[in-house]
Every structure is written in C-alpha cells, then in structure tokens.
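Here's a solo chain for you in structure tokens, the form predicted alone.
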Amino acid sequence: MPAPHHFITGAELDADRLDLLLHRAAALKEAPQSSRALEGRTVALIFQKPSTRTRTSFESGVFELGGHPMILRPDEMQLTRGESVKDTALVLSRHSAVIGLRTGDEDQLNGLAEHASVPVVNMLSPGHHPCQAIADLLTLKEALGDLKGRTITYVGDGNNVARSLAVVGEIAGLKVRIAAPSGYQITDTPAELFEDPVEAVKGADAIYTDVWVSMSDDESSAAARREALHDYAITDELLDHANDGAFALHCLPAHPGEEITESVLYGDRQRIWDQAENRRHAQKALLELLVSPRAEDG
C-alpha cells in the first residue's frame, strides 16, 4: 500500500504503515533533532478552533523537523470573506509542503483535501481526531508493548476522539470498547459498544475519557450532559475494575471533578502527560511519512 496522500480519518493507514509510524515516532522521541525532513519547507497550519496541545505540538514538531510552521487564523484569511475552499487550497499548495486544518466544518476539510496538491492533515474536525489517536497508540505501545489483543475502554461522550481511537485502534489490532449512556453513543464505529461503564472496563488495560462539554457543544445543554454522564467518570474505583496495572488516558483539557477525578489526573495511575507530549512525536513521524512517502522503503 502506498503512503497516504492525506490524513483525514486515520483509515488511510494500513497495519504496516501504522506500525512503521509508531516505531518512527518512538525513535524521534529518543532523538528529537535527528530528522530534517522539512528542511527549507513550510507547513501551513490553519486554526479555526482554539488549541493548546495541537498548536504547540505541531508548531514545535515542524520546527524540530527543520521546517517553518505558518500559523493561520480565521481573521487572517480570505476564507472568512467569501473566498472558496478550492481557491484557498490551490494557493496554499503553491506555498507549503503540508496543510493542516483544525475546524468545526467537515465540508471545509474535505474540500481542502479534494483540491490541494499537497498533503492535508486533519488536526481536528467534528467527526475525527486522528492525530490524537496516533499519539494515543504511541502512549499505549510505550506502556504495553505489542498492542495486538490489548483492550482499551473509552468512557463518556461518544465523540470524534472515541471514533478515531476505534478506527486507528482496529488497524493496530487493539480491542476498543466505548461505554456511553443512551443518546451519547456513536454507532459508526468498529468498537464494541457498552452502556455500563463497569462492565466495559473489565479486562481493560487502559481507560480513556474526554471532557463532557466540549467547545462544539451548546452551553444550554451542559447541565443535562453532565447529569447523563455522571456515572462515566474515571475514578480510582473504576480503575479497580480493570486489569491490574490499568491506567487512565485523557486527551485534555481536563475538568477534575467531572470526567476524571483529581487523584487520577495527577496520580500514578495515569499516562496523560506522556500522552500530551506524544502528540509531537507521533505527528512528526506522520509528517515525515506524508512528505517523504518512499523514504521508508529504502
């Protein structure tokens, strides 16, 4: 299978490419300055949504690869004044080696990928968060070794993070479960679905969660969301139902006292801060793959 031209959902990877990417990410973590894959190149990073981890990990990662991260915000682009996605894609393709987009508009992402002649990376969209998922797998691999046959349970609101974890996890041979209450579960997923969080975490090697009220959710529904998701928080008691040594993951930002307790978030039963760092290393390996598709084949 050739290297993917774009990275939109994570399904563009096959098992061999994903394994290669994770091994390369681990090597880049050991030697952050060892690659100059983006030497003399610019990466356009469009942020239509607020960002901490995505912005810092991509910007620092592009720099470490020898490239220039060109940060673009909505009020700095003609997209907000009616310029088409097609024209934007055509122009950015003349100036950058890769285009990244963090957006609340799936159509803009797909339009950019359709018309760009350089790789387009989904840095977050309503349906998918594949860059987070490859960092999650790198974190799991560091802790567990071979991922085949291992189990991770996502608890809480079934969202883009859960969907991407299931998509990329299936490619890696990881068993992904999603526990969510009625009305908050996703169905377009290869994951095994549960309503009971305790049942879902039995036999799990890690438990994963995300915020209950995200930036794309209507604040008027926040109270109802918190009530519905109340029993889906990662606590020490929930971790006790998983395998011995099971640990917590969270894509952040966190709200201690809601989806995760403070004792878990800052305790020794989590790998959340490693997970946040691993965004940079996994994304660097991805960028290498996208700009040098035949480099790994010798």
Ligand code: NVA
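Numbering starts at 1 and runs along the sequence shown. Note that the structure is a prediction, hence the values are computed from the model and not measured.
As for the form predicted in complex with the named molecule, it is not shown, yet the points below apply to it.
Only one segment in the set 73 to 81, 143 to 151, 158 to 166, 194 to 202 has any non-hydrogen atom within 4.5 angstroms of the named molecule in the predicted bound form, and it is 158 to 166. Note on the partner interface in the predicted bound form: the residue among A180, V85, I171, V211 having a heavy atom within 4.5 angstroms of the named molecule is V211. For the candidate set P32, P256, P253, G267, a heavy atom within 4.5 Å of the named molecule in the predicted bound form is found for exactly one residue, namely P253.
For the chain shown alone, L112 is not a contact residue for the named molecule in the predicted bound form, no non-hydrogen atom being within 4.5 angstroms. Proximity of A135 to the named molecule in the predicted bound form: non-hydrogen atoms within 4.5 Å are absent; the residue sits far from the partner. The named molecule in the predicted bound form is approached by L124, whose closest heavy atom lies within 4.5 angstroms of it.
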